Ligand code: HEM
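First, one chain by itself in structure tokens, the form predicted alone.
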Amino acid sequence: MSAEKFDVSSKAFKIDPFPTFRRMREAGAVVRVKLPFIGRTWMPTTYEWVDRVLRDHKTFVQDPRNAGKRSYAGVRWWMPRMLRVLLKNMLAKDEPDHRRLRGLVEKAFVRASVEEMRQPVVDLVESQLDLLEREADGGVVDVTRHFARPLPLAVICEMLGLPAEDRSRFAAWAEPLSNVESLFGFWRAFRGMFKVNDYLKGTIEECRRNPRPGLLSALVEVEQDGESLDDEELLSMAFLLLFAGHETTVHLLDGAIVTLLEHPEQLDRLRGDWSKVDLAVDEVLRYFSPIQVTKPRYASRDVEIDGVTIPRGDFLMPLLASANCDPAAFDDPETFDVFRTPNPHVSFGRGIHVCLGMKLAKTEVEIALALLFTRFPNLSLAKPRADLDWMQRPGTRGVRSLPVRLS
């Protein structure tokens, strides 16, 4: 099967991806698509097959070597060794390595409880809302720059136990990483990655000498069945938590604000009962789907999906966003229903690789939305959705900026 010409990166697609997802599902339960950097990849499109691929970690593996390949999709020989080190996190591992790493990280997460983070998150949200109000010019302000982007970074720095005074530096380093949409942007991002790499190395050593409250010290100290994280695993995990978790929450929060403001009747329902904000966040995860695909998985053997043979060694990227609007799994899937139940979306993945940080991300966005819309009850978009500056990076749905009127 030749690669289909499906548009998964243009502004028109990001504004309204539903027609494209319908065409993809009509073309088959799995289609082949050509992506920048990655090349040709298989994309499962239906809820059934996305779920099956995510759960079958023996057939669809994370480590390309377990499928007869030498390197990860998109990773080239000329890329710095640092990038290869950063792939040594649990997301890139199969069993039993994955079980060992995940067990250690989960044990560290228990010590840095998400519930204990609730009040610090409230305090950080309120502080960021103060700044948002101060930055408004004539009542208009970029909610991405002054709220949705700095807040998740502040929360993860707090959870890791990193000093508050370092957050501005992280923001500067993270900015190029969040805008990688071309080869030039990719190289520009390396500068920030090297700085983060050096900073985290030094901080990990400091945590060894002088343990401090927070998840980073917990990761340094954690031990289970005589196992602990080595230096490269620690660095990779800290980088993953700091940037991967932060970036996805930015797009989730922005997407929630855009979607709620575009559906005022649904926002009014939510205002009438903020105790159900968890349902609203789940519906944003399903309807907006900020993370549209998973990272590549590799076929460990020849496998057939709906009559199509995927050869051993080929890689797949399950299309989460298409599964989330599959009418075979959801009633009226292209309608935003703020209190939708049940809502078995796949935005956090499934199986052994389900997102470890999903509880923190949801808690953070639930608190942020409740406080934002309570403090600014007349909040509105300063531009129509079609005129927003949408990111065109495949696999991610979000905006580069989100101007709003506070009143």
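Note that the structure is predicted; figures quoted are calculated from it, not measured. Numbering starts at 1 and follows the sequence shown.
One more form of this protein, predicted together with the named molecule, exists but is not displayed; see below.
Novice: Of 33 to 41, 360 to 368, 334 to 342, 377 to 385, which is the one stretch near the named molecule in the predicted complex, taking non-hydrogen atoms within 4.5 angstroms as near?
Specialist: One stretch meets the cut-off, namely 360 to 368.
Novice: Which residue, 217, 128, 248, 203, has a heavy atom that falls within 4.5 Å of the named molecule in the predicted complex?
Specialist: Exactly one residue meets the criterion: 248.
Novice: Sort through 90, 124, 104, 299 and report the residue having a heavy atom within 4.5 Å of the named molecule in the predicted complex.
Specialist: Answer to the contact question: 90.
Novice: Does any part of residue 285 reach within 4.5 Å of the named molecule in the predicted complex? Heavy atoms only, please.
Specialist: Yes, residue 285 sits close enough to the named molecule in the predicted complex that at least one of its heavy atoms falls within 4.5 Å.
Novice: Is residue 146 near the named molecule? Define near as a heavy atom within 4.5 Å, in the predicted complex.
Specialist: Residue 146: no contact with the named molecule in the predicted complex.
Novice: Does residue 64 make contact with the named molecule in the predicted complex, using a 4.5 Å heavy atom cut-off?
Specialist: No, residue 64 sits far enough from the named molecule in the predicted complex that none of its heavy atoms falls within 4.5 Å.
Novice: How about residue 29: is it within 4.5 Å of the named molecule in the predicted complex, going by heavy atoms?
Specialist: Close contact is absent here: in the predicted complex, residue 29 is far from the named molecule, nothing within 4.5 Å, heavy atoms only.
Novice: Can you tell me which bits of 228 to 244 touch the named molecule in the predicted complex, meaning any heavy atom within 4.5 Å?
Specialist: Contacting residues: 240, 241, 244.
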